[in-house]
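Read the single chain below, which is given as structure tokens and is the form predicted alone.
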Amino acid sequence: MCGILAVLGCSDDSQAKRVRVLELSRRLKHRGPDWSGIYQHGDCYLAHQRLAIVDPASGDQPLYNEDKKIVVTVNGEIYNHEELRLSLHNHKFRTGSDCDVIAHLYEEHGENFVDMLDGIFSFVLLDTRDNSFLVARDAIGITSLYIGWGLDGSVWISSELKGLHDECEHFESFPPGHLYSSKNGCLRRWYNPPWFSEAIPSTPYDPLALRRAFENAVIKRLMTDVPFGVLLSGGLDSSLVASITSRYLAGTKAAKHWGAQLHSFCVGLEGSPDLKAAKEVADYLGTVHHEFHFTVQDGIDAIEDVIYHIETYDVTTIRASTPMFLMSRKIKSLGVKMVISGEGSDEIFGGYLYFHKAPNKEEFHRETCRKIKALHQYDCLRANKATSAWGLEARVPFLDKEFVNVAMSIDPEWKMIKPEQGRIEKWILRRAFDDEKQPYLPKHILYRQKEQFSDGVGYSWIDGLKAHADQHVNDKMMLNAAHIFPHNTPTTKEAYYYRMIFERFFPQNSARLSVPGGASVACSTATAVEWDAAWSKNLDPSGRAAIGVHNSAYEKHLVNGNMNSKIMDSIPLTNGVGGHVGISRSSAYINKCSSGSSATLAQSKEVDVGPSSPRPLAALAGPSIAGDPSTRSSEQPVSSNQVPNAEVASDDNHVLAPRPVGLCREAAERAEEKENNKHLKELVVWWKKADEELRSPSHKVKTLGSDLLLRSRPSATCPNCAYAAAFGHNLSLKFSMFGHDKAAAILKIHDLQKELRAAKEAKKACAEALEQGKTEGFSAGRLVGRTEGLNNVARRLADGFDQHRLDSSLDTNLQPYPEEEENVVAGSDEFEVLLAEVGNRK
């Protein structure tokens, strides 16, 4: 994306004014780092910061007609420029730029040419013959644009707020699908599709027509003279974009220049749902896949930069923009200048989970219309500015003008979500690409539940943001929020925190008015909140706020977007997902089990985060979010009657939580029964709770000054269930073996601090003991731990099944100990023997 700035009729043609315009234009240089240009005609200035995508050699701006009487500065891409050139056979073009047609079209057709453009654009056109000017923005508002007015009567146009907010008395977002003409001095809409009136359409659903329309939308966006790729989250929308791109790339001009193998990019917290799904799709399509990790702290550190570039204080936009902002920087560092992305599908097809509660097809359709009309304030703003911050362009085929018209003309009855008929969200899009002969995607990806981008990168991302805001915004500040921020008053500490940062950068009243507000749940409009009475008590834009719909929906203790403070205290912000047992993993675990595969029990990924000092085991009991034991509060212990067929275990020091009897075997058997999926989910949730809460000391071993408490309690009725754990000061190791005919083990090292040497030796001893030991139900298990430098790496889990592998790593950010490699810790043999004896005793 380029950056444009225009000052029109400022009554000042001095050199000082030109210098000031250049200074303001440089604020947009991140959008266009390739070249800068400025044109002055009297008291009118047109400045441009170019990101060269098409014709990098000669397409510098501003652009002109033959006699240079008509001047244009443009941000965008015109996909049908070759067709338009052919229609302008009497004109001579100075460059090969796709935007070069705009000046000539105006010369030929006047102000009515805008609807002829197929693409994304924001432009200012100056006609020096009569000193008139024309400003226009694309149909949906994919490119960002603002308009302002100065006290001297000047009109200002800028791609971003930062280009004009210091100079204008009033400014606002330039509405999409509109043009502004100086000849009449007002805005008028040039884009008037049938759906805009919100009349209910009646066209029957034609899956092949829908498929062809979207394929055409993707293909036309392969127009590029620079390296490009696709953003791939592993969800339906981005996966379809990647699939179609890889299918049709070979015959394009871009493939001749840059090769026919597609590059794909994904970002997330380590272990997030998106990373895993994206990798699977990339492998299926054969793309060159690039996976970028970030931690919660990385994201928090970038928040101020994100708000400065995105220019909003909207909570959901900031949540989603931050990972995209970080990923865009990585992508640009690889030499890529353009990416194709999947924004817009959820608005068109009602893909957000709150659409499950749409009362009828009329309300469903009207809500999709409202969502599309507001895209320029949310997802389009995010996709445009988060990528442009690093000189990267994002193209969004779902918002292709022709495709939107096709999709929005379908009878909304086909879009309605009807689980009893097997129709989940965006069913008509999934069905259109469900090709048995030449499949576009694996079935489970094609029918994967919707994840909002800010959720899919890792649920602990949002939880970490809330925890961080809670540390910086106190209750007294919230009490006075309505007086400090009377417009769009923040209702959560997270919103208050973002608002404070925004006001530092953009203190003008016009700036705060440019950001939308209103109640929202799971990204709904305020109108749709009324669909479910319970939603008004849980106003949070995350998809997990759709209680009763999302597989990992928030529990009752989440009120008004705030989590229990004790829960928040359990989320360390220093190492991202490594420090928080993600709800995403519990969700993925349960979803897999419900699909009917018994192997899922052996593939579950739990993470046990050890405390920096010993804490009572009973503190681990309590209610959890979506069955995730990591977020339990110590104030509400679990009683034995909460777990079916449970026994209560205890020792001299602690009252322990109930232990399941044969629960893993029952869950594994039920995984074979597809008709009992709902009951199985409940069993799996109980198993995860009970497994975490199971504590029964068997032996105590003292090694190198660290007291390690070793426990091993196999289930009484399930021969394939065994539990072993070693806890110590600043050390927590968890080995969990369960499942029917299969076993899984999870190892997590956290906060080793000064016991690093003891921890490494203990880990080695545990690994060797478990490899050699024979315990009930675990005769073929093998766990290998390995340390690389100061990074503790837990890898290579094999239990006789090659398909089960665990690969996880944790950067502990520890400083090296002197002579660390030279000091061989003694006592490991004794520890190994003791550990083996405990296993044999069982």
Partner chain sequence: MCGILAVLGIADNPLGKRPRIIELSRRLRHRGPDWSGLHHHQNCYLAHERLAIVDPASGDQPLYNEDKTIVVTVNGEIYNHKELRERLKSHEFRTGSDCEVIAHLYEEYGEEFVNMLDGMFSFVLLDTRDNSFIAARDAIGITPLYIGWGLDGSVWFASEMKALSDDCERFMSFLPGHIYSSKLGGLRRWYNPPWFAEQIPSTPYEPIVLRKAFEKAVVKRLMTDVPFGVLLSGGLDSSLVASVASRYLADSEAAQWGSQLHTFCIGLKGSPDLKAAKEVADYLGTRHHEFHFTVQEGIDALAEVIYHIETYDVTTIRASTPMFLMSRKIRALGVKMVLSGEGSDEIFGGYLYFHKAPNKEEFHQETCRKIKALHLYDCLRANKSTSAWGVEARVPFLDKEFINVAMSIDPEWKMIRPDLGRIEKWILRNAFDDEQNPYLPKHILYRQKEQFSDGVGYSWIDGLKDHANQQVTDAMLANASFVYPENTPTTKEGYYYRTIFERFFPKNAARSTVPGGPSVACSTAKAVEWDAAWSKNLDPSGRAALGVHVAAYDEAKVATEAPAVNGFSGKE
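This one's a predicted model, so the numbers in the text were calculated from it and none came from an experiment. Residue numbers count along the first chain shown, from 1.
What comes next is about the form predicted in complex with its partner chain, which is not displayed.
- Only one of 233-241, 370-378, 278-286, 299-307 lies within 4.5 Å of its partner chain in the predicted complex by heavy atoms, and it is 299-307.
- Distance criterion of 4.5 Å from any heavy atom to its partner chain in the predicted complex singles out K330 from the list H81, H263, K330, K401.
- The closest heavy atom approach of P33 to its partner chain in the predicted complex falls within 4.5 Å.
- Taking non-hydrogen atoms only, D60 approaches its partner chain to within 4.5 angstroms in the predicted complex.
- Residue contact with its partner chain in the predicted complex: L164 places no heavy atom within 4.5 Å of it.
- Using a 4.5 angstroms threshold between heavy atoms, L429 stays clear of its partner chain in the predicted complex.
- In sequence order, Q15, R18 are the residues of 1-20 having a heavy atom within 4.5 Å of its partner chain in the predicted complex; the partner itself is omitted from this view.
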